[in-house]
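What follows is a single chain, given as structure tokens, in the form predicted on its own.
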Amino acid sequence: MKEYVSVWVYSENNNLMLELISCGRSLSDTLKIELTAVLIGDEAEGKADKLVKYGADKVFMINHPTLKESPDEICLATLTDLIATHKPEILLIGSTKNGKELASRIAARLETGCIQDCSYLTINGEGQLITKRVVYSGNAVVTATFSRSPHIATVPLRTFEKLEPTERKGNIMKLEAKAVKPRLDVVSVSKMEVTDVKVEEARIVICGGRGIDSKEDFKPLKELAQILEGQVSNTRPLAEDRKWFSGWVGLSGKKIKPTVYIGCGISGMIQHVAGMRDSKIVVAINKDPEAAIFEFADYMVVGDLYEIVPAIVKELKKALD
């Protein structure tokens, strides 16, 4: 019988890390093996106890004086070295921009497989990791397993629910990051000014489509988002064709999984649906009763968004007053 060593999880995104622990906990319990969380960074110490409370059996805390100068190269070298030494059977990495690149590079160095953006992970009767991922704009699901160890998979935000924290004990180990010579010299670092929550992390998303005539007409959507403590986004045509925005929700843009998604003036093209299909509750507002978006909606509002959205805002303000 195959001897399993442990399940590892890693992400630079704190919320995603807790969700990975939830998934890893389920896999490790099934295999009756240890769950290890890997923390890399100068704030690792303050987070280690929290990861244990959320389900980790062991936490590797890793820091290095040069980590801020070349984090990607050091993370890659350190994780690859740790995996080669401790030989975990499964490594789950958060499907962030950096995480997907990191997972692919680790897999290439270890000559093993890597499956990106897994929406489902389980252990079959033979002790194999089984993964599922959505492809072809959501029209098909690929089920895959691994032929070599370690099994490396990336998991998007909000694929799994965080466990409730409990008072439990775990083994916290301090380790040094592997010293590597950076291939690039960082000349300067400029932080981006972020005033809103990232749309991928928002619990409520109000999304505008081609039914909106001008960029200024997003004002009622922003009012609705402010009342609901949500985030406003848009479809690709408003960003690519009309040049109103720099990003969008869709197959080639942001993938979101909010608790509530409200689509305003959106026809429901499959490319957009692929980016929001995992929303828990979908509300669609469109004056065309045959709009494709209604096929995916839990609540359908047939009417002019220029009348419907302000009316909703008005009633919500009245209720709050």
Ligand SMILES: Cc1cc2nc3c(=O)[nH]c(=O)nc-3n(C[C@H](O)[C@H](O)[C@H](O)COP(=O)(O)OP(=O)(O)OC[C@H]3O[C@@H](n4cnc5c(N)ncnc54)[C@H](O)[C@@H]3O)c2cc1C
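All values derive from a computational prediction rather than experimental measurement. Rigid core: the largest C-alpha set superposing within 1.5 Å between the two forms. We number the residues from 1 along the sequence you see.
The form predicted in complex with the named molecule exists for this protein as well; it is not shown, and the discussion that follows is about that form.
My question is simply whether Ser233 lines the interface with the named molecule in the predicted bound form - judged by any non-hydrogen atom within 4.5 Å. Contact with the named molecule, no.
Report whether the minimum heavy atom distance between Thr30 and the named molecule in the predicted bound form is within 4.5 Å. Result no; Thr30 lies far from the named molecule in the predicted bound form.
Is Ser252 close to the named molecule in the predicted bound form, meaning a heavy atom pair under 4.5 Å apart or at it? Heavy-atom contact with the named molecule at 4.5 Å: present for Ser252.
Heavy atoms within 4.5 Å of the named molecule in the predicted bound form: does Thr36 have any? Judged by the heavy-atom cut-off of 4.5 Å, Thr36 is well away from the named molecule in the predicted bound form.
Checking a candidate spot here: are His272, Asn286 and Asp304 all in contact with the named molecule in the predicted bound form (at least one heavy atom each within 4.5 Å)? Yes, the whole trio is in contact, each within 4.5 Å by some heavy atom.
Taking the named molecule in the predicted bound form as the reference, which of Gly113, Gly170, Gly211, Pro220 has a non-hydrogen atom within 4.5 Å? Flagged contact: Gly211.
With the named molecule left out of view, which of Ile262, Ile266, Ile256, Val59 would have a heavy atom within 4.5 Å of it in the predicted bound form? The option sitting close enough to the partner is Ile266.
In the predicted bound form, which of 143-151, 160-168, 72-80, 233-241 comes within 4.5 Å of the named molecule (heavy atoms)? Contact-bearing stretch, as computed: 233-241.
Taking the rigid core as reference, does Ile115 move its C-alpha 2 Å or further between this form and the one not shown? No, Ile115 moves less than 2 Å.
Please state whether His86 has a C-alpha shift of 2 Å or more between this form and the one not shown, with the rigid core used for the fit. No.
Displaced residue check between this form and the one not shown: Phe160, CA, 2 Å or over, core reference: Result for Phe160: no, shift under 2 Å.
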